[in-house]
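Before any questions on how it binds or moves, here is one chain, the form predicted on its own, in structure tokens.
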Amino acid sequence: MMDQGTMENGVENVQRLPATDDEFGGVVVEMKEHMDSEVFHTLLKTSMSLWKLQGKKGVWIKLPIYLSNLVDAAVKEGFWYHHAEPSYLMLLYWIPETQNPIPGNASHIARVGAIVLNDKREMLVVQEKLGNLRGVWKISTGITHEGEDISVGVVREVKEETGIDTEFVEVLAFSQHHKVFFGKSELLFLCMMRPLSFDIKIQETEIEAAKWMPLEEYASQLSPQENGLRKYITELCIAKVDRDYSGFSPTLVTSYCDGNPSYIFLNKGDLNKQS
């Protein structure tokens, strides 16, 4: 509900949009009730005048999808899109005549790749039905879900694509790619996995085939000149099996920002070595 006009020091305050202060000197307007776009436009103008007098900085307006009729009014007042989710759009206005320090929308997505090796030196590989790698034997990969840890997401992806149950062991390596999805960058985490089952049942909507492939056969797919991801997946596997290559294992930590648990991935073996 909008703030009503009140008397303060004998002066009547005009009606304005409901807003809460954020911790960085700005305000957040979270619209929930239906409102005529012209009424919203008028209230937004008076609210902005007040917030400028108060020395506010960033002004955020969160519009649920059922209030999309208000977008045009906000844009006319100088707001721009910051980010969107399926159920809402977030708009932003930076008031000070200084460079806007507010970070842009999320710039990266997290992808996981599962290196699953059994005791026979065989790797779990798949062929996808769609995409540029169609027909190529590759490791199982996928995007982590919102709020999903890497170690959980990679187990889920392997199960979904192949029906194989696995246990996360460690992150062997990671890579960074740019301009991948919708212009965003991608962090790919190559994860070592321990198989807990062995009978394959493919996800028929996305996966053409899956099998256990000898590591040497996987390596034989590479040309001598290849210097891409598959080369390093092969080298990592061989180093892990034959030379006890040490990756990064998760250790539970508590965030200093919000107190929620999260993980730091580190080389526990080398960390605990005595000098």
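Predicted model, so just to flag it, every value in this text is computed and none were measured. All residue numbers are counted from 1 along the displayed sequence.
Heads up, the form predicted in complex with a further copy of the same chain isn't pictured, but that's what we're talking about next.
K.L.:
Heavy atoms within 4.5 Å of a further copy of the same chain in the model of the complex: does Leu196 have any?
P.N.:
Outside the cut-off, so no.
K.L.:
Check Met123 for me: does it contact a further copy of the same chain in the model of the complex (non-hydrogen atoms, 4.5 angstroms)?
P.N.:
Met123: no contact with a further copy of the same chain in the model of the complex.
K.L.:
Taking heavy atoms and a 4.5 Å cut-off, does Phe248 contact a further copy of the same chain in the model of the complex?
P.N.:
So Phe248 counts as contacting a further copy of the same chain.
K.L.:
Verify the contact flag for Gln221: yes if a non-hydrogen atom of it lies within 4.5 Å of a non-hydrogen atom of a further copy of the same chain in the model of the complex, no if not.
P.N.:
No, no contact at 4.5 Å.
K.L.:
Which residue, Ala84, Ile200, Val169, Val136, has a heavy atom that falls within 4.5 Å of a further copy of the same chain in the model of the complex?
P.N.:
Of the candidates Ala84, Ile200, Val169, Val136, Ala84 is the one lying within 4.5 Å of a further copy of the same chain in the model of the complex.
K.L.:
Going by a further copy of the same chain in the model of the complex, which residues of 161 to 196 come within 4.5 Å of it through any heavy atom?
P.N.:
The stretch touches the partner through Val171, Leu172, Ala173, Phe174, Ser175, Gln176, His177, His178, Val180, Phe181, Phe182, Gly183, Lys184, Ser185, Glu186, Leu187, Leu188, Phe189, Leu190.
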